[in-house]
Every structure is written in C-alpha cells, then in structure tokens.
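Below you'll find only one chain, the form predicted on its own, shown as structure tokens.
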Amino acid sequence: MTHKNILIVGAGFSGATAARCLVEKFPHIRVTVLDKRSHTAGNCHTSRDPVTGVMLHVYGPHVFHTDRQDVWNFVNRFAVFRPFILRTKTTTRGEAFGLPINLHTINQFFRKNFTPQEARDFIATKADKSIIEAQNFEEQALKFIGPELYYAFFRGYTMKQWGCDPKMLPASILKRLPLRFDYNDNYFNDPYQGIPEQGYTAMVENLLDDSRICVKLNTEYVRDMSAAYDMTIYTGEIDRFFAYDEGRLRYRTVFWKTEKAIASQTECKTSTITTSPDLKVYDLQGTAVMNFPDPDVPFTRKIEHKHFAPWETHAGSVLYTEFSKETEADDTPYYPKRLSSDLLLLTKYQKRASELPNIHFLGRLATYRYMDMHQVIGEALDFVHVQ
C-alpha cells in the first residue's frame, strides 16, 4: 500500500478493526479514527452503572457469535471472552415460552408431548404448502411454521419492531431464526459464542491501542476532511455522507424505559416496588431477554443487563423496556428497513460512492445492511486482506 495517512470515520467495530489490521499489515501508515460520540464501540458500547455496578449494554444487548474461526481468533486477541449462551424467552397470551422455537416450545404451545419426528411431522401439517417460494416475511413464516405459531410469536412483534405489515418485509429476516425439533434453546447456531469479560468498549479500546492510531472523539466528520488523507474509510450512514441529497434511507430506532433496583442489606426497592427488608439480591425478570409479541403490548422486549454477565454478582439490577419507532433526524439509526423504495434509493447512493476515488464504505450503516458484530468484523478483515 502506497497510502501513508488514512482517515477512518467511526470508532465502532468496522472502523476499529480496519484501523488495527491496517497498521499491523502496513507498519508505515498512520490512521486517524474519528467519532462524533464521546466513546468508542458505537452501538456496542458498554459501561458500568454507577449505582448497581452492573455492566450495561447501553444501546441494547449484544452477544458475540460467529462460525468464522479467523474472526473468533481475532477478537480473542483483544478481550477475554466468557462463554455465554443466549436463551431468549417470550411472553405471549399470558404465558412464557422459549425462543427460538424448539421442541419444548412446540410441545408447550400445542399441549403435546411429541418426539422430535412427531413434532416435525406435526409442524409440516401446519405449514402452508401453497407457498413455493416465499416473497415476504409473512409468507416465509406461514411456509415455515404455519399460522398459529406465526401469529403467537412473530406477527405482532414484527409489526412493532419494523413499524409496517410483515408482508412488506423481505423473507430473509425470518430466515435468520432457526426452527429446532430438539430441546436446544440456544438462540444461535454458531460454534463460537461469548461476551467479553470487561465489556465491548474495553475490547474496542484495546483494538485502537496502538501508537500509529490516533482517536478523536466528539468530532463530526465533514467531507472536506478527506482531502488531507490518502484514503478514507467511512462507516457512517451512506445517505448522511451525501448530505441526504437523494433522500433519506429509512431505519428503525429503539429507545428504553429504565427501571433500576437498588439492593442492600437493609432494603431492596424500585420506584414502583418495595420488597421485604431482608431481601439482598434483586432479579427483575430472571432472564436476559424477554420478548413481548402480543400486538396490544406497546413495547417489544425487556432486557435485564446483569444476566449478560453471569460470572458477576450484583445485588441490584437494571431493566430496559424497549420500544421501537421510525428514525427521525436526531435519532440513532439501528435497523435498515430495506423496503423496495429504500433499495432503489440505495442504488443511487452506491453508484455515487463507487465513483469516489480512495473512499471506501464499510459496515452496517455505510452499506445499509443488517449485519451482526461478527459480520462487520469479518468484512473489515476481508477488506484489509485485499489491500
């Protein structure tokens, strides 16, 4: 690489991975990483709650999982990963079930005691066989699991999460979630799963801890900055880069109502609940993630942060109740909607981006794709590999 000075916009996993890999592969270069926020790690940012000591997933929960050994080896260079299996629960129609749908979910929901093959045969009778190739989320669900499970577990949740009829969403969203005919309730199938012991922000800070990398927080990127560098890697929203002059891509964002339980030897209370004076440990829901798919419930899920670090002990607890809404100008974008009109707009931005010399677009926001952490890191590793 002949470039010597590289600018990276964004100190999340895309930017931090690219920065570290570039300086390790090309010792002569220098990298400047900008981020408009006051912290690194982007939406994976973690921090200690000052009252309870619980490690908070500030922008929502993140569990690292991957089937790529090179990605797993890479992240383990910068953090001690503790094993963690996400076992999501869901409350629908007044009863709690396990997700993803597995043999226990099927038997509990239909009040049966099926063997794996019996459950497989039974669900096959529920599936809509008239759907050959699913054209949208709803068709995929009806072909996949039939109407009863779809309406109980997915339709209401999807409408709240995405703010539109599931018929408008691509089938690929549902394909990410497995259907199992055994009692395995692991939310992911990947062989490597865990959470960094000291949180994701500490991990990203280790990624960026190199004398050849300069990090500037609280710094807003403007395109004129790129003129001072040989190359720019941009990880922000692609439509923002072009000042939204073709129009705005649509995202969903999330926000939370926070409930905090403060426990001590003498009291354990929240703003709404007071428990017996001798209770020393508070557990608000007993699991990390509880979904609420019923359409008449205004929120999508509840997240209890202490359960993401079972190796720690905290008497108090912090619970997020999560709501979803359309992203407005001042909101943090989370999930690209990728409806047909968005994809048409994206094509225009991608064409313009491809014509820019020495400017590269990496990550979820810059490519307008739904990507998990391991995919973002893998993309950055692959990008540096071909340089």
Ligand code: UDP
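The shown structure was predicted, so the numbers you read here are calculated from the model rather than taken from an experiment. All residue numbers refer to positions in the sequence shown, first residue = 1.
Missing here is the form predicted together with uridine-5'-diphosphate; even so, the following discussion is about that form.
In the predicted bound form, uridine-5'-diphosphate sits within 4.5 Å of a heavy atom belonging to R301. Using a 4.5 angstroms threshold between heavy atoms, F144 stays clear of uridine-5'-diphosphate in the predicted bound form.
Using a 4.5 angstroms threshold between heavy atoms, A96 stays clear of uridine-5'-diphosphate in the predicted bound form.
At the 4.5 Å threshold, heavy atoms of L177 reach uridine-5'-diphosphate in the predicted bound form. Annotation: in the predicted bound form, residues N186, N189 and Y192 none come within 4.5 Å of uridine-5'-diphosphate through any heavy atom. The partner is absent here; in the predicted bound form, the one residue of T105, Q161, T232, Q140 having a heavy atom within 4.5 Å of uridine-5'-diphosphate is Q161. Listed residues Y251, F78, Y221, Y157 were compared with uridine-5'-diphosphate in the predicted bound form; Y157 is the one with a heavy atom within 4.5 Å. The stretch from 148-156, 237-245, 303-311, 111-119 that comes within 4.5 Å of uridine-5'-diphosphate in the predicted bound form, counting heavy atoms only, is 148-156. For the partner-free chain shown, just Y370 of 346-371 comes within 4.5 angstroms of uridine-5'-diphosphate in the predicted bound form, judged by any non-hydrogen atom.
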